[in-house]
Structure formats: C-alpha cells, structure tokens
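Only one chain is included here, represented as structure tokens and corresponding to the form predicted alone.
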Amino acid sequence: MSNTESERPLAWKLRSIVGEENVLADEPMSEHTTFGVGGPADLFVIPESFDEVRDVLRACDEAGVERFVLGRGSDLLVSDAGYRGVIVALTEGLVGVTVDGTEMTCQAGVDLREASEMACELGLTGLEFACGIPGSVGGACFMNAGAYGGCTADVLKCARVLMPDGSQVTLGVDELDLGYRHSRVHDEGLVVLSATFALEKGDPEKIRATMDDLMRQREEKQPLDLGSAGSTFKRPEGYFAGKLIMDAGLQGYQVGGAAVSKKHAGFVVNLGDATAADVHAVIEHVQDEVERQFGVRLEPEVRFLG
C-alpha cells in the first residue's frame, strides 16, 4: 500500500502526526504477535499520546484505509500475506503508569504481567491472576482477560476510551458490559486508552507467593516454551475445549510447523517454523473434527487479520 502514488499522502500525514521514526513501512507482523507468524503490514504506526491515537485513526478513516489497533498481539493470527492497511501499535508509546493510593492507572500499552508485578511491589492485591497473561492492559479490557478464577472485571474501576466519533470519555466498569471474553469495547469498536484498577492493600510476600504459585501451575500445564495465542478456543457452554479436543484424538495433530500441543490440547502452537496457513489449517481441522464427533462447533478465541 505505502508504495502506491495514491496512498503516499497518508504516510506523510501519519509521519506529521507521530514523527518520522514512528511510522514503519512493510513491518513484519511475526515480530509483533505471540504466535510469531504473519507477513508485513503496509504501515506500522506508534502513537505516543491519546491525541496521537485519535489523529492517526482519523487520518486513516479520512483516507479510506483499513486500520487495526494492536496491543501485544497475544490473541492474533496475521495472514502470511500480511495486512493491507495501517497497524496502530499501542505497546511502545502508551506505557505510562500512575498510582493514587490503592488505585493504579495504566495506559493501554502496558504489559498486563508488568502491571501485576508493579502492584505486587507496591503491596497492592487484586491483579495476581494476571501475572502470566501475555497481553496488554487495553487488550485485557477488550476481552475481559482472566485466568485462575480472576478476571479484569473483578478489579477494573473504569477505562478511558476513544469513541467512534473521536471523543474521549471515561466509562465505569458497569458501563463496559464485561462478560466471558466479551466487552462493549469489542462490540462498539471503542479504543481503550487507559484503565484504572481498584486494588487493595496487601502483604507483598503473600501476593508474591500467590503469583509464584499461579506461574508454577501455568508452567506445569501450558506450553509456554512455544509460540501460541494462549487458549485457542473459547469455552463452549457445558464443555471444556481442551477435553473435547483430547477426546477427539487430536492432541499432537500437526500441519507443517503448527500443532495441537501435546502438553495442553486447548493450545495450538508454533513448533518453530509454522506459517499462518499452518496454524489456520490446524484450527479448522480441530473445529471440523470436534463438530463431527461431538456436535459442538468450537469458536476461536484467536482473532484473524489479513
């Protein structure tokens, strides 16, 4: 895209908003997703303020060019052909954190694991569940990220969001419609700019012990040494995705460099040299085979781009 005459003006416009060094052309998305696969994005833009996010998105919309707001890419499968549009990446520019008593406000690009670590160091309890979730704060609000009995909705007080009309508003947790892997942010195309967590005072040593225990459980049960997007499928009502996949005899099923993890059947993993097409083929085969055997169609938790 960025090489065509008609779209060069957009690249120039974006550089005028975020600076020359914060607009990259043909950036490989394999470097920005936890799967470690994906072709190049036409333009990769790094805004460093809320206003820059707004102005970048507006410039893309006015130019009629597709754009995608990226966190840590931990639930994303990008096509081998890449993305014909603009990736607006928040994890390098929007990383500010402020603390007011027991409330911690993190900009959208802050790593959720780092937020959990900071809370621990400050003696604030509530974010322990997030210690191993490889997403961003913005992504956590987008999908109500959770693990081991805790979720974002439990500790979120409010989020600062960019509305479709370009206005910035603060929405309380009760206005965000957070459910299982679901939110108003997702449904209405909002963009999270920051989130405020309402935590409680706690004993740093007990908080650390809880986090260590959760990480131990995660390491024992999940294939953390391989690229993946975490749990590949949402939990179907009345079932567990991993058990269905295992009972279907699909643990270890492989296409190219992608496979159903032998350690946890709920994970599709990159064995080292997978393509996005390999990953997609494994996901589709698992869906088809589980539906054929058990009449349940698994819904991917992974989002597909490009």
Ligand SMILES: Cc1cc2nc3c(=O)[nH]c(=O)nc-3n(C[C@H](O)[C@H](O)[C@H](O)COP(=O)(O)OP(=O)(O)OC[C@H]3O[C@@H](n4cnc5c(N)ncnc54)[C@H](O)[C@@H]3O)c2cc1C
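On a predicted model such as this, the values are computed, not experimentally measured, just so you know. Position 1 is the first residue in the sequence shown; the rest follow in order.
Keep in mind the form predicted together with the named molecule is missing from the figure; the text below concerns it.
**Q** Name the residue from Ile87, Met104, Ile133, Leu127 that puts a heavy atom within 4.5 Å of the named molecule in the model of the complex.
**A** So the residue touching the named molecule in the model of the complex, by this definition, is Ile133.
**Q** Just to confirm, with a 4.5 Å cut-off on non-hydrogen atoms, which of Thr210, Ser79, Thr196, Ser74 contacts the named molecule in the model of the complex?
**A** Contact with the named molecule in the model of the complex is made by Ser74 alone.
**Q** Even though the named molecule is not shown here, does Arg181 get within 4.5 Å of it in the model of the complex, heavy atoms only?
**A** Contact check for Arg181: yes, within 4.5 Å of the named molecule in the model of the complex.
**Q** Applying a 4.5 Å heavy atom distance criterion, does Val260 contact the named molecule in the model of the complex?
**A** Looking in the model of the complex, residue contacts with the named molecule do not include Val260, since no heavy atom lies within 4.5 Å.
**Q** Does Lys206 make contact with the named molecule in the model of the complex, using a 4.5 Å heavy atom cut-off?
**A** Answer no; every heavy atom of Lys206 is more than 4.5 Å from the named molecule in the model of the complex.
**Q** Any of the heavy atoms of Phe50 lying within 4.5 Å of the named molecule in the model of the complex?
**A** Judged by the heavy-atom cut-off of 4.5 Å, Phe50 is well away from the named molecule in the model of the complex.
**Q** Of these, 168 to 176, 117 to 125, 184 to 192, 95 to 103, which stretch puts a heavy atom within 4.5 angstroms of the named molecule in the model of the complex?
**A** Heavy-atom contact with the partner occurs in 184 to 192.
**Q** For the stretch 222 to 245, I need every residue with any heavy atom inside 4.5 Å of the named molecule in the model of the complex, listed N to C.
**A** Counting only heavy atoms within 4.5 Å of the named molecule in the model of the complex, the contacting residues of 222 to 245 are Gln222, Leu224, Ser228, Ala229, Gly230.
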